[in-house]
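The chain below stands alone and is given in structure tokens; this is the form predicted alone.
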């Protein structure tokens, strides 16, 4: 019951945050220099046509009236129509959002697959050759720009070995999954480097704890000590870092999507900002906000699963 009350309280706390962000996004997007009507009609459009287009788009009304219309549409889940793509925002999201979500999930899958074994190995083999190699990988991952890593992977695995498509989004799910491997790995390398260093340092510290020594003195098996006492406790602070990196991968998808020519929401957001496409920008920013709030809540819940001493209150 306490857990349910905590989750309910957190959801209620999200409401004012969502409202404040809605107001800020609405105002900030309109502070960007430029005229959406001129973007649509072109620089040489006559003033009469520009004025008519502003009336059609509702830009002639006061900001407070525009905001009221926006809130009314938002309550009815009407996110408007894109002025750049000439279609409802919802239809754009149906195509673009799954690409970015799949890319983010693929990246986090590779991140966990790389970082947890390497971080554990480096922590258990402190200052030994294996630790030095893993720390070298971490240094490379932290210093190499993601666009450069993506280009190198493309040259090796797509151009020379021809294992994966060079770019684009396949026609069927088999091709699409193949097209996500290199972008996901590109994003995962930089993220994994930080997670590996964090997990390695956590394991080094936990190995010296009294409860680990006590478990060894009782004759507890090595595997049980590693799983229940070392890895489980080391993952508690790493969980927060993973959650933050999930959000950074989602928010920074524009670079990866540009390198690999993926039709996701990262590239859509940049193009919409340049085109002063208010409806698309507002919708995408609100989606990012909701994702951030939900991920933070799930992280707190996961804390209580990893550490029974943590209670949701």
Partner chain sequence: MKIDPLQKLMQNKSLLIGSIIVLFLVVLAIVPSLFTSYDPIALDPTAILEPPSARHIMGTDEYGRDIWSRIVYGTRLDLLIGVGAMIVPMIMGTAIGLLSGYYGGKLDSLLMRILDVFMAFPYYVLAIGIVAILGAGTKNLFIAMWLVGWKEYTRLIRSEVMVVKNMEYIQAAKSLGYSDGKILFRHILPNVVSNSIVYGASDIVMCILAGASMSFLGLGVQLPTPEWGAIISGGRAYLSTAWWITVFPGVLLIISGLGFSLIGDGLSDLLRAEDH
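Positions refer to the first chain, counted from 1. Definition used throughout: the rigid core is the maximal C-alpha set that superposes within 1.5 Å between two forms. Quick caveat, the model's predicted, so the values are computed rather than measured.
Quick note: we don't show the form predicted in complex with the partner chain, though the next part is all about it.
**Study point:** Candidate stretches 181-189, 149-157, 203-211, 231-239, one within 4.5 Å of the partner chain in the predicted bound form by heavy atom
**Key:** Looking at the partner contacts, the answer comes out as 149-157.
Review point. Using a 4.5 Å cut on heavy atoms, which of 47, 55, 32, 63 is close to the partner chain in the predicted bound form?
Key: By the 4.5 Å heavy-atom cutoff, the listed residue in contact is 32.
Review point. Tell me, which of 140, 109, 85, 169 has a heavy atom within 4.5 angstroms of the partner chain in the predicted bound form?
Key: It is 140 that has a heavy atom within 4.5 Å of the partner.
Exercise for review: State yes or no: in the predicted bound form, is some non-hydrogen atom of residue 259 no more than 4.5 angstroms from a non-hydrogen atom of the partner chain?
Suggested key: Although the partner chain is absent here, residue 259 would touch it in the predicted bound form, with heavy atoms inside 4.5 Å.
Point to revise | Interface membership of residue 278, the partner chain in the predicted bound form, 4.5 Å heavy atom rule | key: So residue 278 counts as contacting the partner chain.
Check your understanding: Counting only non-hydrogen atoms and a 4.5 angstroms cut-off, does residue 21 reach the partner chain in the predicted bound form?
Key -> Yes, residue 21 is a contact residue.
Review point. According to a 4.5 angstroms non-hydrogen atom cut-off, is residue 51 in contact with the partner chain in the predicted bound form?
Key: No, residue 51 sits far enough from the partner chain in the predicted bound form that none of its heavy atoms falls within 4.5 Å.
**Study point:** Residues 17, 28 and 292 all lining the partner chain in the predicted bound form, heavy atom within 4.5 Å
**Key:** Checked in the predicted bound form: all three residues contact the partner chain.
Practice item. At a 4.5 angstroms cut-off on non-hydrogen atoms, which residues of 255-273 are near the partner chain in the predicted bound form? List them in order. Key: Residues within 4.5 Å: 255, 258, 259, 261, 269, 270, 273.
Review point. Has the Cα of residue 28 moved 2 Å or more between this form and the one not shown, judged after a core fit?
Key: For residue 28, whose C-alpha is compared between this form and the one not shown after core superposition, the shift is 2 Å or more.
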